[in-house]
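Given next, in structure tokens, is a single chain: the form predicted on its own.
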Amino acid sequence: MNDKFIKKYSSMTGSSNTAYIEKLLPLIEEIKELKKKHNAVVLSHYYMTPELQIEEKEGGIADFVGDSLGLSVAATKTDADYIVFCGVKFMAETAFILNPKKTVLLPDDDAGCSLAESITGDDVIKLKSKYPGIPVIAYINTYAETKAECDVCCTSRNAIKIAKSFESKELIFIPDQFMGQNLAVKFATETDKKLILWSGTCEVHEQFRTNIESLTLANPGAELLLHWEVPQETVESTLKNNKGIVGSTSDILNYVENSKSREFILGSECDLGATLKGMYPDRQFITPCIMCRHMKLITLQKTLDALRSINTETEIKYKIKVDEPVLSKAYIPIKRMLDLS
């Protein structure tokens, strides 16, 4: 019996469903065996279900769990032959661009992103034509062909630092308009920079509107944890009368660590709540529990299936491919981001 996994899973979910957990354990053991056999690592995003977020040292399968920037950095440091990416397609593409000689597997090729799908490389070319000479910052939540037309990438964790690195007083920020609006408020107090925004949104975070306000009324004293991608009007109205933060996933985790509060309202993907519960079991995290349908396509069984496919005819089904010249062009803004981070 994998006691470490059971303990961690229970702390993250508040559940001790023994029958369900027992079904997971054989999958976990086979995944571990196949990782060793094929020299593979598993990178898992904070929005994955709890069983995918638990690290090997805690009885799980993940070699690294993190946000977009953390996963990007981890991808550059692995000596593995195979990277199994428990995230969505743009993340797996980024891992491949940084490791083109390695094989990157995505457990479900349909795991996309509404934000990444809101803009194309051709859209960026048109923007640059409309605003000649103005640098383009691409949020990491974009596909490779979009990144390839941009000057630099950023994540929610390093967006402000990246923007400040440019001398230009105007910057094009794509594709998340709500994140851009929230960053613009920050810039207004710290810089003289103006952001030109695209109209993309995250289908998860755009839903955090009146539900957050109602939760603050029902839970007076709870501190707010809002992601940059939450609508700016929600951020403005709720933080006006309540203590809390708007920032990246990493900012949220750091805020909770340093806060004296025991109760928090989370405005981000539901399973970040599971991450927080696992890290701070003595605190309460309240969330409308809005889930990313794309992230939830990745399961423990599909992760196992991807590993089973290695060196078989079905490996192509899971294999991430970015062709030249897109790969070389997309590498430049990603590398610039890492150098500036």
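One-based numbering along the sequence shown. Not measured: the values here are computed from a predicted model.
The next section is about a form of this same protein that is not shown, the form predicted together with 1,3-dihydroxyacetonephosphate.
- The single contact residue among Phe264, Phe90, Phe96, Tyr82, judged by any heavy atom lying within 4.5 Å of 1,3-dihydroxyacetonephosphate in the predicted complex, is Phe90.
- Interface residue among Ser156, Ser118, Thr216, Thr234 relative to 1,3-dihydroxyacetonephosphate in the predicted complex, by the heavy atom within 4.5 Å criterion: Ser156.
- By the 4.5 Å heavy atom rule, the three marked residues Glu30, Glu51 and Thr303 all fail to count as contacting 1,3-dihydroxyacetonephosphate in the predicted complex.
- Only one segment in the set 304-312, 279-287, 41-49, 55-63 has any non-hydrogen atom within 4.5 angstroms of 1,3-dihydroxyacetonephosphate in the predicted complex, and it is 41-49.
- When contacts are judged by a 4.5 Å heavy atom cut-off, Thr146 does not count as touching 1,3-dihydroxyacetonephosphate in the predicted complex.
- Although the partner is absent from this view, Thr249 contacts 1,3-dihydroxyacetonephosphate in the predicted complex, with a non-hydrogen atom inside 4.5 angstroms.
- With a 4.5 Å cutoff on heavy atoms, Ala274 does not count as touching 1,3-dihydroxyacetonephosphate in the predicted complex; it lies far away.
- Taking the partner from elsewhere, Met295 is found to have a heavy atom lying within 4.5 Å of 1,3-dihydroxyacetonephosphate in the predicted complex.
- Residues are counted as partner-facing when one of their heavy atoms sits within 4.5 Å of 1,3-dihydroxyacetonephosphate in the predicted complex; in 311-341 not one qualifies.
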